[in-house]
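Given as C-alpha cells, the chain that follows is alone and in the form predicted alone.
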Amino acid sequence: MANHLVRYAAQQTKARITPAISQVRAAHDHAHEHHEVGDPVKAVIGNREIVGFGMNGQPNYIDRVDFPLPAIRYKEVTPDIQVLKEKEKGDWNKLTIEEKKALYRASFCQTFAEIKAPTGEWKSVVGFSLIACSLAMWIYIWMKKYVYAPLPKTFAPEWQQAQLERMLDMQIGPIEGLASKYDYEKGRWKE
C-alpha cells in the first residue's frame, strides 16, 4: 500500500513539474535563437577582405612606410567597388584614371607621398615644450619669492671678506692651504 502511495505522489509531482520545465525550456530556447556563433575577426573588421599576413599576423589596417602592405583592405566591399574589381580583372588600359584611383583608395587610405608629407606636429611639440619651460620658470620665481628663506648674512660679500681675513690671521693651512698662498711679510697674495 505504501508503495502505491509513493508511486501516486511521484506521478502527481511529475505531472505538475513537467509543464513548468517545458515552458522554461521553450522560453530559454526562444530567448537565444537570435544568437549565432560567428567569426570574431569578421565582427571587428566587418566586410573588409583579408589580403595578407599583416605586420604582426593580426587583421588590422595601418599606413606605414616601413610596412606598406596591411593585412586587410581599407574599405569594405561595396557594390561599386565590386564592379570595379570585376573590371580590374580585364585590361587595365580600359580603366579610367578615376577608376584606378577608386580601386587604390579601396585598398589603401594614403599614398606614400601622403604618408611622408610633413604633418606640422613639430609645431605643437615645440609649443608645449616652451609652455612647460615657461611654467617651470614661473614656479621657480614663485618659490624663490615665497617659499625659500632669504640667504643667511654669511653670504654677504662683506661677511665673506671678514671670514677670509680671519682665516689668514689664524694661518689656516700653512703648508698647502690658504695661508700658504699668502705672503704675510708683504701683506698680499703670492704671485
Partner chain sequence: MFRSALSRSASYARNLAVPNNCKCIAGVRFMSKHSTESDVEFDARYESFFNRKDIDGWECRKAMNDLSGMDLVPEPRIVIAALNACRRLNDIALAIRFLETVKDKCGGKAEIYPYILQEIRPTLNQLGLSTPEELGYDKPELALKSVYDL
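What you are looking at is a predicted structure, and each value in this text was computed from that prediction instead of being measured. Numbering follows the first chain given and starts at 1.
The form predicted together with the partner chain is left out here; the points below concern that form.
With respect to the partner chain in the model of the complex, the three residues Leu95, Phe112 and Lys116 uniformly fall within 4.5 angstroms at the level of their nearest heavy atom.
Taking the partner from the other structure, the partner chain in the model of the complex has a heavy atom within 4.5 Å of a heavy atom of Pro68.
Among heavy atoms of Glu76, none comes within 4.5 Å of the partner chain in the model of the complex. Taking the partner from elsewhere, Phe53 is found to have a heavy atom lying within 4.5 Å of the partner chain in the model of the complex. Interface membership of Asp80, defined by any non-hydrogen atom within 4.5 Å of the partner chain in the model of the complex, is ruled out.
Considering the partner chain in the model of the complex, the lone stretch of 162 to 170, 128 to 136, 145 to 153, 57 to 65 in range is 57 to 65 [heavy atom distance within 4.5 Å].
Taking the partner chain as it sits in the model of the complex, the stretch 78 to 111 comes within 4.5 angstroms of it through a non-hydrogen atom at Glu88, Lys89, Gly90, Asp91, Trp92, Asn93, Leu95, Ile97, Lys100, Lys101, Leu103, Tyr104, Arg105, Ser107, Phe108, Cys109, Gln110, Thr111.
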